[in-house]
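The chain below stands alone and is given in structure tokens; this is the form predicted alone.
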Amino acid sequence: MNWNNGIQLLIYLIVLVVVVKPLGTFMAYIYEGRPAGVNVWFGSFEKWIYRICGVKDDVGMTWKEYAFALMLFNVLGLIVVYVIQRFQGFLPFNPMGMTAVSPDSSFNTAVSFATNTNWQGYGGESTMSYFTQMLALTVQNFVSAATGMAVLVALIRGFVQKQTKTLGNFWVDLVRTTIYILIPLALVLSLALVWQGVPQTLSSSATATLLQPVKDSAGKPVIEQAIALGPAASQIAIKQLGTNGGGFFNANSAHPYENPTPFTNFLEMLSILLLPAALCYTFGFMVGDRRQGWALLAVMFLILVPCLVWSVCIEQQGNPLFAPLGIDQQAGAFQAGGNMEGKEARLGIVNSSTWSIVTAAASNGSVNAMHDSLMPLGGMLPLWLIQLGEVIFGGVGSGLYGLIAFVIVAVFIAGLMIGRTPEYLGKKIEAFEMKMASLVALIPHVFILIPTALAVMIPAGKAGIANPGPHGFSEILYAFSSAAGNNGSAFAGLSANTPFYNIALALGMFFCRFWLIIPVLAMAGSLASKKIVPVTIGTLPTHTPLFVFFLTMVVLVVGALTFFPALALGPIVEQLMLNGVSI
């Protein structure tokens, strides 16, 4: 790695760390009901929403009531998104005359956006009307992100409260997250993107005259090109801030209308990790020990930073098959060097590699380069980060409550090692909490490995492979990992817009979102009912460098032991073959 690459990575990480404390403190104030400016100015609007919806905002919910409200809201939203897609041909704001989306694709997309995954088996500008993009997809980008953050807050209350059955009110947490946190941040980012050239319009496509006419498949001359437009900036802002990732255009953030300048590239990459990082500080603030939040953030950085450096180095080295051909892949004054296949020339290797790691770590799924074109080990890194359970930053809220589940596992193991009842933040960790944490850690593995094995055995699964051999296996493994991790990115060589993949991936997205949320809420309810145990000399400190290292090892071991055989059959074998090793 050269000094230029290192400086770019360092600036990005420094800016990210600087904003953690102020934003994390602000969100803690919002969730605790303290005056934080925006909630004072719009407090009457919040009350008006509760009154219109018949919500009793001063009534708490048990974990079962909280889970029921959450599931009801999200399933109804899923149905609405499905219906809008099926009838979009009859709905307004459709200047391009988009017809109904197929039933299996509509189902896949509805589940995808309801689960904060935003997996897309379609081209946005050629499939979805403006009405569908705005009312169905963009709205789900807000509320699916707010759902994850609400679950995290409920879990935090489980640690804070003592001997109570309630975890707060889901509707209150949902509304406050949306109107006080997500909408203001998205508004600011949207304006910045529009300033930099991202379109935000209801006009139809623009037309440009080609400098050199070409011929179509029928041999007729083509002298003009239709350039897709639309209300893109508003969707792009919340897709990044909410770790959603769905692109308005098919090329996602590699499209110049989604990501036109290096400045927008920096803002969007920063937005991807902004809320997941700041929520760590929110956690520490709300539990009354900021060191706990910094410790969890340190675990995330301990895994993220080496992956960033490794990814840039791998891609910068280039393709070994080009060396015998005499092709110069060295970075210099006139070229970026390295493996530029599938990357934007205006962004270069360091920005493309950084994005691939950041988007995989944060359960975001947007791309500014094609992951399918990364070097085998470079493509393995985002795949592996997803397979860790999306707990290294992860989705907004969901990443942190997933990491807290690993904390429960870690303190339970530590308790066994020293012969004491494990505790975390003053709450005893007993059999029930351990069972729920185990479900959170293990359920995604089931929905990754079993469907992948099925897909490589049946004709419907193998039909989507464009690259036979280890890379084709990696494409399938990545698809099911992305779905189960609620990430949404893909190795684009897999043709996944088929009934088999649309349904199989949708089921993985749905169960790995809500079958994790329910155990987390159950664990929160159990913790809230317990008394707080005073700290003694035998209490395991969970904010020290030693525990940070121990927790990091627990996360790595679970991911490495479970998925190493599958990774060995895909990217590892492919890298060996690329280097001339006979397999």
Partner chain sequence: MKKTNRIGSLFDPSIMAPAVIDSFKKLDPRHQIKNPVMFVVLIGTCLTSGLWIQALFGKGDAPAGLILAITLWLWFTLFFANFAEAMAEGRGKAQASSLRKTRKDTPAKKLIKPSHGVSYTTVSATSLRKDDIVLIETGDMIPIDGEVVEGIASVDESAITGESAPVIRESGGDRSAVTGGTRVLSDWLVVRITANPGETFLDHMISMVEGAKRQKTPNEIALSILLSVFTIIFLLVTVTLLPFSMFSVSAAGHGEVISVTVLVALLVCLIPTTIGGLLPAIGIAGMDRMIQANVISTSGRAVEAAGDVDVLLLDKTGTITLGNRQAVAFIPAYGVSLEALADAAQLSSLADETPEGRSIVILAKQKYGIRERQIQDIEAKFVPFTAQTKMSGVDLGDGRKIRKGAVEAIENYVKMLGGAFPEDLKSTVETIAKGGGTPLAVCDNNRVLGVVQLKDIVKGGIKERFAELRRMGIKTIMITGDNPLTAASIAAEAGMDDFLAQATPEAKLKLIREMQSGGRLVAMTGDGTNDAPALAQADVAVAMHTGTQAAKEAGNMVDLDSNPTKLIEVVQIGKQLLMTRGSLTTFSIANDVSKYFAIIPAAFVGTYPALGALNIMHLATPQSAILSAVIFNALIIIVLIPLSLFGVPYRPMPANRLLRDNLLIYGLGGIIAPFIGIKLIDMILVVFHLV
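Given the structure is predicted, the values throughout are model-derived calculations rather than measurements. Numbering follows the first chain given and starts at 1.
Absent from the display: the form predicted in complex with the partner chain. The rest refers to it.
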Whether 446, 534 and 564 all lie within 4.5 angstroms of the partner chain in the predicted bound form by heavy atom: yes
Check each of 558, 55, 69, 36 and return the one that places a heavy atom within 4.5 angstroms of the partner chain in the predicted bound form. 558
Pick from 515, 29, 50, 550: which residue has any heavy atom within 4.5 angstroms of the partner chain in the predicted bound form? 550
Would you classify residue 43 as touching the partner chain in the predicted bound form, given a 4.5 Å non-hydrogen atom cut-off? no
Please check if residue 568 has a heavy atom lying within 4.5 Å of any heavy atom of the partner chain in the predicted bound form. yes
So in the predicted bound form, does any heavy atom of residue 211 sit within 4.5 Å of the partner chain? no
Is there a heavy atom of residue 428 lying 4.5 Å or less from a heavy atom of the partner chain in the predicted bound form? yes
Here the chain appears without its partner; judged in the predicted bound form, the stretch of 504-512, 487-495, 434-442, 252-260 with heavy atoms within 4.5 Å of the partner chain is 434-442
Scan 537-554 and write down, in order along the chain, each residue with a heavy atom lying within 4.5 Å of the partner chain in the predicted bound form. 537, 538, 539, 540, 541, 544, 546, 550
